[in-house]
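Next comes just one chain, in structure tokens: the form predicted alone.
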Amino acid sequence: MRTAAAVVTLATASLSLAGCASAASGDAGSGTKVTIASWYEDNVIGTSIDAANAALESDDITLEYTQIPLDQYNTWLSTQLASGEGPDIIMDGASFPARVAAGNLVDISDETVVTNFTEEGLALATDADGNVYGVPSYGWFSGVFYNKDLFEQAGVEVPTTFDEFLDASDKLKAADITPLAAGLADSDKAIHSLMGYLENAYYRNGEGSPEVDTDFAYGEATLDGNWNDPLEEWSKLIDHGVLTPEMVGVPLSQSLAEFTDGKAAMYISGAWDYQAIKDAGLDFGMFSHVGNAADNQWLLGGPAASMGVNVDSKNPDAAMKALEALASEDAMQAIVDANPGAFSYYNGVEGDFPAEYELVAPLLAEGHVAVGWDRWGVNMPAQTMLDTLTKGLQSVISGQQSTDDLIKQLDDQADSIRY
């Protein structure tokens, strides 16, 4: 555990932290504390905080980091910001555009900090007028980790299409091997499965295109009439027993343990779980989400949490210096190094891709990384849509509603929350 000045971990739901933005007192150069919070654990972000604090030492500024559990973060941050408080540095993922739309962030378009990042990295933090309100912490992607020994035991090759994935899953089941570990009680694994399929079988290699999501965000298209056939095709994972009703009651930690203990052949995840899998001593690799074309595969991913200055910060100058430190080359390199397989949108910062990523490294080099909910974020709070999709997929997998019912539910939700 790092010192309290760097990382404070909260394990309970008592997350009042009232006046978080005003907790830092004084001016830059007089022992100023700048607060920042996210759901990232110490092993993900700790070295980046350390690097930023090293850069801030000469200004007598200290970043104080607080970890909030992921399933509580959105509610906690929304409550804080609605009361004119919250951390000095705001971090958020899919909901960052919503924070921009709500006026929670300082416009940093004219700050030099934005010049170091690619246009793709700044996309979630840029409004319709081209104004920039934040920078990305790093780039994330997800694919499918697989146990090479279990694949060999079942005589299974790495699938390159969805039909091959279903066939591989059937063979694994026939060999009494659980095809996929997926704790759906408290995770987004079902969303990653679905959206990874759609990116590969609909948006890129099917009847749709990424513009469908943008049109949907602006109310110019509905998911009904677009998603029906591909979502029904994806649901074959339920028919084949890859995603099961029992998984809806399984927590994420249990499913990760199932994979690392060698009891399941596949696990949908990304760089954040790489080290845990590596430490388990498995012979493993990663392949891409799959769809209709083996020669045009796409990983799910995009900018991770973006970071910007709280418009209500009582120490805006110190907060801006802290943001610059977090967005420095040293801090950007630190967070990528701490997450093997992650990549950076900071020009000149490169990640290390271990041998286990040999099948997906070419896709990263080609820029074949995208996700639909980033495209939703241009005109709606994407996290609200994701929350609806999470619960809806639980109902579909449990057999409580049809895929068409879920699509209607998503359309109705979108109609009520567009900006």
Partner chain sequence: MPHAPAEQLRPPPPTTAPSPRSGPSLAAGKKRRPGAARAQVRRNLPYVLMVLPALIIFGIFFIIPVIRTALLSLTDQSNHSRETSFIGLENYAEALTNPQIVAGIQHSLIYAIAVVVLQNLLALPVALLLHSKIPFRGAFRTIFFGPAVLSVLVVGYLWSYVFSSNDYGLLNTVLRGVGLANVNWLGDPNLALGSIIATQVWQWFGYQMVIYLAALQTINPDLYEAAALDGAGRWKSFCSVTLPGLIPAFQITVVTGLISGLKVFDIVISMTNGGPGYATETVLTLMYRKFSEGNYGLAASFGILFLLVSLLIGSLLLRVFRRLETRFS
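Remember, predicted model here, so these are calculated numbers, not experimental data. Residue numbers count along the first chain shown, from 1.
Missing here is the form predicted together with its partner chain; even so, the following discussion is about that form.
With a 4.5 Å cutoff on heavy atoms, S402 does not count as touching its partner chain in the model of the complex; it lies far away. Contact check for N228: every heavy atom lies farther than 4.5 Å from its partner chain in the model of the complex. Of the heavy atoms in D107, none are within 4.5 Å of its partner chain in the model of the complex. Residue contact check for E232: none of its heavy atoms lie within 4.5 Å of its partner chain in the model of the complex. The stretch in contact with its partner chain in the model of the complex, judged by heavy atoms within 4.5 Å, is 385-393, chosen from 385-393, 351-359, 365-373, 52-60. If you check its partner chain in the model of the complex, you find a heavy atom from every one of T75, S78 and G249 within 4.5 Å. The listed set E207, E157, D129, D261 contains one residue whose heavy atoms approach its partner chain in the model of the complex to within 4.5 Å, identified as D261. Think of it this way: in the model of the complex, its partner chain has a heavy atom of just one of L237, V114, I191, A98 within 4.5 Å, and the residue is A98. Contact residues in stretch 48-71 (any heavy atom within 4.5 Å of its partner chain, taken in the model of the complex) are limited to D71.
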